[in-house]
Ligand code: SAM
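One chain is shown next in structure tokens, namely the form predicted alone.
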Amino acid sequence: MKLSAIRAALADLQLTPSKTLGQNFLHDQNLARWIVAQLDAKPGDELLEIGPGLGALTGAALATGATVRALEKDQRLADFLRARFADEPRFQIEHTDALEFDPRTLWARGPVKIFGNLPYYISTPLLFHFMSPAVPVARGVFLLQRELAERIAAAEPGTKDYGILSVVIGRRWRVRLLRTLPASVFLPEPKVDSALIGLTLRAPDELPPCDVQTFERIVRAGFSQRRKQLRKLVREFLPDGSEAKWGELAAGFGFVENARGEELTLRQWIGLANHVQPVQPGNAQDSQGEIFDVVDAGDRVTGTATRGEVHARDLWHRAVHILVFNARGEVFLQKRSPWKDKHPGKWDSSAAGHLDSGEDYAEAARRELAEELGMSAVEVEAGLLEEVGSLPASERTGWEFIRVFRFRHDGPFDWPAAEIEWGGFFPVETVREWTAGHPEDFAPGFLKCWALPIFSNQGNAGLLIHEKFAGVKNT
């Protein structure tokens, strides 16, 4: 929008820009088009805009042919945009606080590209909210306060600007400082300059793999008191005996014994995380060491074979899938690690696995809950494990006879990174929309389980699950 159009719109709305909401409206149209061009948006892409204001970036985004979903906290501006783009079927505006928006709903639309002129006072929590592994974002372009943009994109170890945000965001994203913007391109003019950053996902092999949960825990601990030595801040995470050999450990990673968190490079942080919780891709499956029962068409045991033989020869065998629901009736899904021999990187049941030779289905379900989600024996016994269905062996199940269980637990879970890349609870309706729109995101065995009547009944599955487990608490 031109400067004159912005002034006219604000006058019509009787709106004085709010400092509290960080309302500074971009009025340079050429700049708006250039900013949106950094998204590389194409017809059919799904875009999410945070804080559209009067729509300077929104209009440029719609001109790409993409679909734009915008989140606006100010009701007056949301109503204005709804009227301005009333004839545009590819535009959707939601009156909501972006920090209260549920990003899990994006999986049914994903992957998405996200952009916005972020309010300075909540830029950091917004970045953590939307750029985590729990959100299907493919690219991000954000206008930020220049100081924050430089902290994320250009801060070096050993400087005061280098911190949690630099390290945690940097593990998944390549961050580039695209350009700085003077205050004069906004109305009203902010007291500080702004800068535009672009975030693109790192290649899977660009950095060593690590257990993400462990990585983020030790990074947050390591920066919790910047003046303290790192050893004192992360000692609770170190394996037995490591603190006594801290000097050797530090030398091995290339930092000094009395280093503070701000002195470690991203790779050194990853190395420390892997010392605390090693990631061993070869442990994702043991193709020769695991022995399974081989069964006939009636699920009767006829012999045994190694995991490798079973899969190579498409032999009938047995497996379990467990769907874990929390108190809200949401289902926990796991994203399979890239090292799995079957369906790497696909979303799957909360826990699943083959039966060992001689094991029954319920025993296997309890074992998988412990192995994949880190539950204790007490938690497993207290969680009300219930068999709710079965599936015959077929190509879609990988020639597995599957028994399906449901289980009640609120988390959090501690999963092995060699087997599970990420996981989270999702509303049942979100999973329905997601599986319908993007079935290619899921392991086929899960899709077969999810199609069972107890989960697929329209409208009442979440309610039934919630009522079933009402009053059942985690131990």
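One rule holds for the numbers: they count along the sequence shown, beginning at 1. Every value quoted in this text rests on a predicted model; they were computed, and no experiment measured them.
If you look for the form predicted together with S-adenosylmethionine (SAM), you will not find it shown, but the lines that follow are about it.
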Contact with S-adenosylmethionine (SAM) in the model of the complex, heavy atom within 4.5 Å, among E49, D441, E421, E46 goes to E49
Checking L39, V428, A60, L26 against S-adenosylmethionine (SAM) in the model of the complex, the residue with a non-hydrogen atom inside 4.5 angstroms turns out to be L26
- Item | S-adenosylmethionine (SAM) in the model of the complex reached by all of T214, L233 and Q277, non-hydrogen atom within 4.5 Å | no
Check your understanding: Is there any non-hydrogen atom of I122 lying within 4.5 Å of S-adenosylmethionine (SAM) in the model of the complex?
Key -> yes
Is N117 close to S-adenosylmethionine (SAM) in the model of the complex, meaning a heavy atom pair under 4.5 Å apart or at it? yes
Would you classify L13 as touching S-adenosylmethionine (SAM) in the model of the complex, given a 4.5 Å non-hydrogen atom cut-off? no
Review point. Does V68 make contact with S-adenosylmethionine (SAM) in the model of the complex, using a 4.5 Å heavy atom cut-off?
Key: no
Exactly one listed stretch (299-307, 68-76, 196-204, 240-248) reaches within 4.5 angstroms of S-adenosylmethionine (SAM) in the model of the complex by non-hydrogen atoms, and it is 68-76
Contact check, 93-107 vs S-adenosylmethionine (SAM) in the model of the complex, heavy atom within 4.5 Å, ordered by sequence, gives T96, D97, A98
